[in-house]
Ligand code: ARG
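This document opens with one chain alone, in structure tokens, the form predicted alone.
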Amino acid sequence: MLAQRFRGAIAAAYPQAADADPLITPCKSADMGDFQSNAAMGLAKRVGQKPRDVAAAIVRHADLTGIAEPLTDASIAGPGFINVRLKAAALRDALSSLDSASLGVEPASPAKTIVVDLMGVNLAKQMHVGHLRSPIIGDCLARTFERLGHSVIRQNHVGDWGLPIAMVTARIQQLAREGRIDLAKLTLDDLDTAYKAAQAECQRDVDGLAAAKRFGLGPKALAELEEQVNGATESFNAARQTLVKLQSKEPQTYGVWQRIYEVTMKVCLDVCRMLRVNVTAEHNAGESSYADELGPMVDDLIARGIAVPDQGALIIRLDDPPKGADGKPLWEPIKEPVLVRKSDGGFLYATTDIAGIRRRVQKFGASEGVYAIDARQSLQMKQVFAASIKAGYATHPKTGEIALLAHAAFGAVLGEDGRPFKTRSGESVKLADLIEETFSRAAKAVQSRDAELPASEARAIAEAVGVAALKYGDLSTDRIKDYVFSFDRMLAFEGNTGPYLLYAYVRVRSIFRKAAERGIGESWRRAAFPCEQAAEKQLALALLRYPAAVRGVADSLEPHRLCQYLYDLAGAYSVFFDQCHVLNAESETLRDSRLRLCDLTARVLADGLSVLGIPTVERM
């Protein structure tokens, strides 16, 4: 509203600069006002006047009737800041509009179909700490889009096809034939062990054999190395034969593969449930599901001259992007081409990723695709996006517009020593173990605060606190940065942490339990909002920023913006609670007004935490 009024004032004072941004921001000091326009400094250069003179001209033309106190020369501060003090009535009206089921978050228009790639797991391998960030960040972005009314399709990219999977399938078959493993009792730990063993079996030490021959290391060394190379070659060939059987879905081999898939995905989905991440079996998109599409797709790329031969392989060049309707290149030139088929006829991860974009845009009708994938994959994502645009696969079949493809890249999880987070033995930490450890520590923290809680309630609260600690510890950091994983810091009930925000919500809700104990009804639902005291006003202003905070996450793909907003809101409420009596207010009218403000605060906190994927509890 203020921006609209100030745009009108600027246009009236300086028609030649009617497009100038009024630059409305909250005042840093409540003593100066509630908001300020910082437009005068930049505008002064365009119109050739002093900033304070420009500010004075804007003030003369500004009409803030019904919103703020009239502007005067005294409203101008410093080099040309224009301070605005809102009217209490205007705040009450704005809060009343916010106090609805939507909490002021208007549905996007038009609503879009958005695909969020929020997970990537590999068959037969344990999920580890490296899998922590993608589902947390991706699920938060998906929830944000859903909160804004978009149709969201989640995708869990499962590495379930190709030679490595054939290797472990062959080994599991062999172990089952020898009676060394029971398929019915197969665990992911069994598969993880078999995966590593299968890779080792197929790893041929060709370089070692060549060195032994070159340096004449003797018949014994030569015999051992030749035996290793021959054995590895035999295992490798067996794996290739198994891959052929998988591709033809030979019943016995395919049945073992399905069992490996079931065991792996059960653990994956169990971890998602523990994390309160909305990923289910329907969201799985295995590489196997693209197997029959890759050949025809590459043939299409060849036929249209998109993919060209290079030293026996097939590549798509990306260094000369076509221009869009606005005359600008459709992507920044990329000197490295993307390889879509190897010289031996094999396909690559990039080939599958391009097929994924084709499916998501052409079949699902996505207008946007967001990929929550770590920053190390940045080049490949740029290549895949550009290649898909060049091939026309990213062009929406109905609108003819190119889908917006975005890489929500993120950094690594570090230990408190600043190095990649590992166990003491140097291995990657299993994700399920990390979550259980967090829950266990959270349970001790909850018990230390209230030893009288029933065991079942204490467990539920501990899990909520643990989820809040894990997710908020991740999301509150600028996602592109690495962050240090610290149990003590993340589980603290003070400071900018998930448990602190849960406690802030519980603190607000406790007022209503106390009100009920005193026999206070719900007359507060019809009360006018209080906006007279400074703390009331600051809390009101904080609440009114909620819709913009949610939209800001969708626009920037940066969840830490919402985290910071919720922390600021909790801080504004804390100041209000300390300075303004609620149940012991001077009158019932003021009590009811403040109770309504408390209720709106609790609902915004709960809604914001829900967008982050953090469950709330009623007491701690």
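What you are looking at is a predicted structure, and each value in this text was computed from that prediction instead of being measured. The first residue of the sequence shown is number 1, and the count goes up from there.
If you look for the form predicted together with arginine (ARG), you will not find it shown, but the lines that follow are about it.
Here the chain stands alone, but in the model of the complex its contact with arginine (ARG), taken as any heavy atom within 4.5 Å, falls in 117-125 among 439-447, 324-332, 180-188, 117-125.
Checking Asp353, Asp474, Glu536, Asp139 against arginine (ARG) in the model of the complex, a heavy atom within 4.5 Å turns up for just one residue: Asp353. This chain appears without its partner; in the model of the complex, the one residue of Tyr349, Phe485, Tyr254, Phe236 with a heavy atom within 4.5 Å of arginine (ARG) is Tyr349. When contacts are judged by a 4.5 Å heavy atom cut-off, Ile373 counts as touching arginine (ARG) in the model of the complex. Although the partner is absent here, Gln377 sits close enough that one of its heavy atoms falls within 4.5 Å of arginine (ARG) in the model of the complex. Using a 4.5 Å cutoff between non-hydrogen atoms, Gly159 counts as a contact of arginine (ARG) in the model of the complex.
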